[in-house]
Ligand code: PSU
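To begin, one chain is listed below as structure tokens, in the form predicted on its own.
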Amino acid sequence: MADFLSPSMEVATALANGQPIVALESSVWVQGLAWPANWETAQQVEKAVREEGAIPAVIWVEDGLVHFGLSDPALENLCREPRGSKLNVADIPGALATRSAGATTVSASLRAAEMLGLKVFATGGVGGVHRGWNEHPDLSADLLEMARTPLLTVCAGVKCVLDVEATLEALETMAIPVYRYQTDTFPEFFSAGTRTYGWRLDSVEEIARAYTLGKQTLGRGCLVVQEPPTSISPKILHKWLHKGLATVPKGGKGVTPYLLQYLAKSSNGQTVEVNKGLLVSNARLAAKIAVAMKNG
């Protein structure tokens, strides 16, 4: 194990004993949801993972170390008083070298989890191809990391603020296996979506087998998507989004946060509630899959 990897005692013990572990990002708590929703949801996420028999491992970078598993006081403090940078996968070496604090995004979490030997990662929604990519090329590092790392990622599809059609094309081009859990459509974060892509699988045992076969045949992990527990009509979402796109800045890291905030305001907080629910639901499914992997 690299000397900059620092699992908590609980995570280290789980690794040694072969217990199922679910890796979790920290950016959603630090730069995503606001206080107190972030702390309340973080607690629900960890509780859901434990209830299904797995160990939660929130990933955080500080003091030249990549930490796996934060104590309740430490995580609550981060939620209450956010600090540090938002770390993409390419930011990890710089943050470690300068001993800077930072919250891991999907891509950074995947790379960190792979280094520790974890198999399952849960998040809200993954990044993809941004709208207007033909004028301002913008492909999320999330996709590149999913194509490279052998982890299974559980999410509610891709964020609706992205170019979903182009993102599905990118998933196909990169040969990233996609499994729809008990749904006929590919979810779009706040909604069940309208497109069909990937394979429908109806049990965590099927997903565990598909993951193993994917590693054997492709040498990589997969993307598991499920509908959010509550869904907003795609027609209504697109109506709000159309208005937001008229005022969004051109390109850059601020586009997605801007549009998500715009949707939160337009929906009177409804999208925030959906986000909270899907984070917990995805973590629970990830834990069930991790347990099925161990038992299989």
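Heads up: residue numbers just count along the shown sequence, starting at 1. This one's a predicted model, so the numbers in the text were calculated from it and none came from an experiment.
We do not show the form predicted together with the ligand, though everything after this point is about it.
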Exercise. So which of Lys86, Arg131, Arg220, Arg111 reaches within 4.5 angstroms of the ligand in the predicted bound form, heavy atom to heavy atom?
Worked result: Lys86
Exercise. Tell me, which of Ser191, Thr105, Thr167, Thr153 has a heavy atom within 4.5 angstroms of the ligand in the predicted bound form?
Worked result: Thr105
Problem set entry | Contact segment among 22-30, 40-48, 237-245, 223-231, judged by heavy atoms lying within 4.5 Å of the ligand in the predicted bound form | 22-30
Exercise. For Leu96, is any heavy atom within 4.5 Å of the ligand in the predicted bound form, or not?
Worked result: no
Exercise. Taking the shortest heavy atom distance, is Pro187 within 4.5 Å of the ligand in the predicted bound form?
Worked result: no
Exercise. Gly124: heavy atom within 4.5 Å of the ligand in the predicted bound form?
Worked result: yes
Exercise. Taking 4.5 angstroms as the cut-off for heavy atoms, does Ala264 touch the ligand in the predicted bound form?
Worked result: no
Exercise. Out of 257-294, which residues reach within 4.5 Å of the ligand in the predicted bound form, heavy atoms considered?
Worked result: Leu260, Asn275
